[in-house]
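Starting off, we have a lone chain in the form predicted alone, written out as structure tokens.
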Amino acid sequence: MLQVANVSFAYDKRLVLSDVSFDLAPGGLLGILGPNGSGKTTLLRLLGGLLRPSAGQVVLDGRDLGSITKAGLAKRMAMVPQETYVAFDYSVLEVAMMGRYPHLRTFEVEGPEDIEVARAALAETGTANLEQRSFMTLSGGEKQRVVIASALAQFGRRAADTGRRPVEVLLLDEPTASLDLGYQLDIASTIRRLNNDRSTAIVISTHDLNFAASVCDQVVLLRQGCVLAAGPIHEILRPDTVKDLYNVDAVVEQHATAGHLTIVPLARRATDTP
């Protein structure tokens, strides 16, 4: 569905990503992992068509993103930033309905169907009971789930409700940053449910290895703009790759109760720098 082929990107003359390649299968759940400054957010913006590669291609269902109209791409791909700020005191329902913009003509206002889609998206993210609340009064975890609902409203009705093949890709930038453990679990549960129930393909940019291990089936390890490794998480996430990625010794093992890999950092390795 989504192919990244030999993509490089530079801000002015500063190379940020170099020769990045990987695929996201239909309905896949992929984590982009790496330390701060590794190029994760830039790569996510390239996947969403918000930036154009300096070299290489990002291809969605056989078409270069640059050949797809902005409105057409927005109906199939949505990006949820690390933090969302609103200029006015919007209600939760109003924030969810903001996702309907690619479905509206110029100067057209939302109608009953748009409201219905937005409410269904709130229900899918467990935030329907917050519909009339001010977005500004929500906790960080509640805000994140409402913004994900806005992304679902951007896609439209679920494929199961329309009989069409699912084609949606959700891009999440550090979705659990600054959230406590309870809200991290809520976000993880929401991500898994959307992936299972809607067959939404999801890409998560994060430096939290344990969060990625709890939800992702594929990973891309990114360091200084280059791919160290990519593939199934159980094959790629190992003590040696964690050491190469973060310069940290760690234990990586399957947790019997949690049912997924867990990563325990032990010590930062000494470097050659003075």
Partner chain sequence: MGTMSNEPTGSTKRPSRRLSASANKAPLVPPADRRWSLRRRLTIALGGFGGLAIATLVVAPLVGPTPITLARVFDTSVPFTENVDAQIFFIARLPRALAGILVGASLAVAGVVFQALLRNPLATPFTLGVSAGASLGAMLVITLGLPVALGGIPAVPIASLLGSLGAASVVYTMATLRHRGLSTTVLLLAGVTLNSFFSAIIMFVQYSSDFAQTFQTVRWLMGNLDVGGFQPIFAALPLLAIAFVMFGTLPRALNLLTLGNDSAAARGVDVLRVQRVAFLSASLATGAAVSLSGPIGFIGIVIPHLIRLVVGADHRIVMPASACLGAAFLVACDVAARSVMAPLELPVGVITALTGGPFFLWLLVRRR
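Residue numbers count along the first chain shown, from 1. Everything quoted here is computed from the prediction, not taken from an experiment.
The form predicted in complex with its partner chain is left out here; the points below concern that form.
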Is Arg145 one of the residues lying within 4.5 Å of its partner chain in the predicted complex, judged by heavy atom distances? yes
So in the predicted complex, does any heavy atom of Glu174 sit within 4.5 Å of its partner chain? no
Can any non-hydrogen atom of Arg192 be found within 4.5 angstroms of its partner chain in the predicted complex? no
Within a 4.5 Å heavy atom cut-off, is Arg133 in contact with its partner chain in the predicted complex? yes
Mind checking whether each of Leu47, Asp64 and Gly156 has a heavy atom within 4.5 Å of its partner chain in the predicted complex? no
Determine the residues of 199 to 219 with a heavy atom within 4.5 Å of its partner chain in the predicted complex and present them in sequence order; the list may be empty. none
